[in-house]
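Encoded as structure tokens, the following chain is the form predicted on its own, with no partner shown.
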Amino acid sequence: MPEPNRPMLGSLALIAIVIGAGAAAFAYTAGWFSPQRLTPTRLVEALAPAAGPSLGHRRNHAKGICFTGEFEANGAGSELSKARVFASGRYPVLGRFNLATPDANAPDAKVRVHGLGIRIATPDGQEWRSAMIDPPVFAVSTPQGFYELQLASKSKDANAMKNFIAAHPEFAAFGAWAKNAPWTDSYAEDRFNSLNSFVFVDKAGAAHVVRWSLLPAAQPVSISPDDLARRGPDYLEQEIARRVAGAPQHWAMVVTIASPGDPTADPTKAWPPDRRTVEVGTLVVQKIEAERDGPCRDINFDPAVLPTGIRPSDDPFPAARSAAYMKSYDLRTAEAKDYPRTTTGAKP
């Protein structure tokens, strides 16, 4: 009897191992091995308001408006990263101003956190996607803490938030900002912060742990939530559309470099203000477009989509956000029939 073909058997065994490992990874991600473990599905479900999700919309930051523009790199970022996006030049940007709410119809004055998502494309075919918000620190230090915050905020237990804060003392800094920081009357006046840490790798292979911010050229104007409410439930979208129609709006992108010992895995901890910063370019918002059938409708501003020269740090949030964004995308795509679209340019 002829001896079996050993190379073929070896290949088949390798394929079986790969398939088995993939299945195991899928089962682990789905939480089948540990039902109590936090999964993208459980995290996304926790975001849903009591009345249910806004079907066809993002499960968080559901209310928003699209824009197109450019990133004007000044070349200074090439000292820190070999990514093409930092070489002097102009690169197309697709972005979205948004509010941190799962309710696509939430009045502007009811949402404390403003967000900004951007996708910058470069001629080498790579992309840099980033999702930023306006507070200077995040609310919790871990994805598990974020999940627990969603549960506490919707709980009928009168002591739920009190108990949450007691268990998560890191929430205090964000809570103080939310209570005391002034509200702005325009997206154009907001400073947006990455909060999560990333690693820039330069041409020599040296690594620099960084965070970045977009600083507005427009002078911030403080407004009370009551005054904002009187301007209408969708005032922020209407205001930014009028403002950009009058003139492009600008934000300077400033990168902050961590020093040894700075916390890189905890977005609730701000770095000292004396850390080195480098202004690497300018975001220019040139045109506002309605999200309905707009260019940002089907884009995920996934922070794990990074060009060569930028990679994740030990911060756990980008990976968790990426997985949750994917789950949210799958859900809203499946609900396309429920998404309100215009009669012109409607998609099947």
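Numbers for residues come from their place in the sequence shown, where the first is 1. Owing to the predicted nature of the structure, the values given are computational and were not obtained by experimental measurement.
There is also a form predicted together with protoporphyrin IX containing FE; it is not shown, and the following applies to it.
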Would residue 280 count as touching protoporphyrin IX containing FE in the predicted complex under a 4.5 Å heavy atom rule? no
Residue-level question: is residue 330 within 4.5 Å of protoporphyrin IX containing FE in the predicted complex, judged on heavy atoms? yes
Protoporphyrin IX containing FE contact in the predicted complex: residue 60, any heavy atom under 4.5 Å: yes
Is there a non-hydrogen atom of residue 168 within 4.5 angstroms of a non-hydrogen atom of protoporphyrin IX containing FE in the predicted complex? no
All three of 194, 321 and 325 touching protoporphyrin IX containing FE in the predicted complex at 4.5 Å, heavy atom to heavy atom? yes
In the predicted complex, which of 236 to 244, 132 to 140, 220 to 228, 272 to 280 comes within 4.5 Å of protoporphyrin IX containing FE (heavy atoms)? 132 to 140
The single option of 116, 255, 80, 120 touching protoporphyrin IX containing FE in the predicted complex, heavy atom within 4.5 Å: 116
Within 293 to 308, which residues have a heavy atom closer than or equal to 4.5 Å from protoporphyrin IX containing FE in the predicted complex? 299, 300, 301
